[in-house]
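Single chain ahead, by itself, as structure tokens, in the form predicted alone.
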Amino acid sequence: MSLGGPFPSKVLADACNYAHRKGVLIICAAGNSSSSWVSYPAAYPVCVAVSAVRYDKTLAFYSNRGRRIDIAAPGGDMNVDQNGDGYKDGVLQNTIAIRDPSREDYSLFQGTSMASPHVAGSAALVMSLGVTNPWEVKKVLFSTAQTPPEERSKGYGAGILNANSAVQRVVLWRGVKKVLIALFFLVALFLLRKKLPRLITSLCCGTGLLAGSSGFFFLPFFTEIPAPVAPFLTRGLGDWDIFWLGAQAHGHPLFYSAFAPLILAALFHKWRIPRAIVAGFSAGVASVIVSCLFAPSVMGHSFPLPIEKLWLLVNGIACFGLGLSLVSKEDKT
């Protein structure tokens, strides 16, 4: 929200609280009056107050500051050319043409109104990776912010926004966590089978395990992934709903169920290698579903909490049982 004013408003406060309860992360410009107070709605506790920094990462002269600031981001300074590119250090944005609203144009601007969209865009990146709870998104952005060149009390909040670090933190932390849980489930499959599988079966199960739980999340660190396949190749099944339905619909019951493993098993159960991949995939999906039993609600927009937990339990057991039945067929082929 690149807007604000000096006075609070009950209507505005109620609107922000309502949006926050609905899972919206509200990111606001802190104001451009060079003062120690923060404008509204940025000043409300449910909102993220964003101050502005220049190219050299120092606080911009116009930016509001103080301890109520949550985070700082690039806002520009049209009085200098610190990067030496021959242009004033504004933030280039697409908007209506100056003095001619019938046309659009690209223009340089400065202000906390330019800084807050940087934070909003970074939050959208984090949410696109599966972290959709507003408090968790804020935690990621704040914990990965760069240390400012001056004291935090001067108006940087948690620090200066670092979108790259935020994305890497989410990708690595969530990916490694999901793989470790999934490996536990895969070991359980092999132990219940009471016989070590052949090497090719183990490799195929491992491949399916990654695909079902975390996806091949590490690939973007080594090579560029084509955009059309990236969401499916680098994410587990539980995060595919973000691509299809958007971050606000994350936790769709269909993607936290045995539906996909059952379809794949019906199609490929007759062939050894595909069957092993599907077995691992089922174990990977089971690990994600069961781990959600011990987390806050992931399907709150679909079911009441008791029904959600029952759904997760039944489908987690179904996925694991399916994986066990598929890997057990190795003895009969």
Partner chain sequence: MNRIKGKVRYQDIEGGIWLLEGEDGVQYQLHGGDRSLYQDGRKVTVQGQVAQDMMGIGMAGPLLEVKSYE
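What you see is a predicted model, and the numbers here were worked out from it, not measured in a lab. Positions refer to the first chain, counted from 1.
What follows is about the form predicted together with its partner chain, which we do not show.
Although the partner is absent here, Met114 is a contact residue: one of its heavy atoms lies within 4.5 angstroms of its partner chain in the predicted complex. Its partner chain is not drawn, but in the predicted complex it has a heavy atom within 4.5 Å of Met78. Taking the partner from the other structure, its partner chain in the predicted complex has a heavy atom within 4.5 Å of a heavy atom of Ser33. Interface membership of Val278, defined by any non-hydrogen atom within 4.5 Å of its partner chain in the predicted complex, is ruled out. Stretch-level contact check against its partner chain in the predicted complex with heavy atoms at 4.5 Å: of 302 to 310, 283 to 291, 55 to 63, 268 to 276, the positive one is 55 to 63.
Between the options Ile98, Ile263, Leu245, Leu191, the residue in contact with its partner chain in the predicted complex by a heavy atom within 4.5 angstroms is Ile98. Taking Phe218, Phe142, Phe109, Phe259 one by one, only a single residue has any non-hydrogen atom within 4.5 Å of its partner chain in the predicted complex, and it is Phe109. Within 4.5 angstroms of its partner chain in the predicted complex, the stretch 1 to 23 places a non-hydrogen atom from each of Ser2, Leu3, Gly4, Gly5, Pro6, Phe7, Leu12, taken in sequence order.
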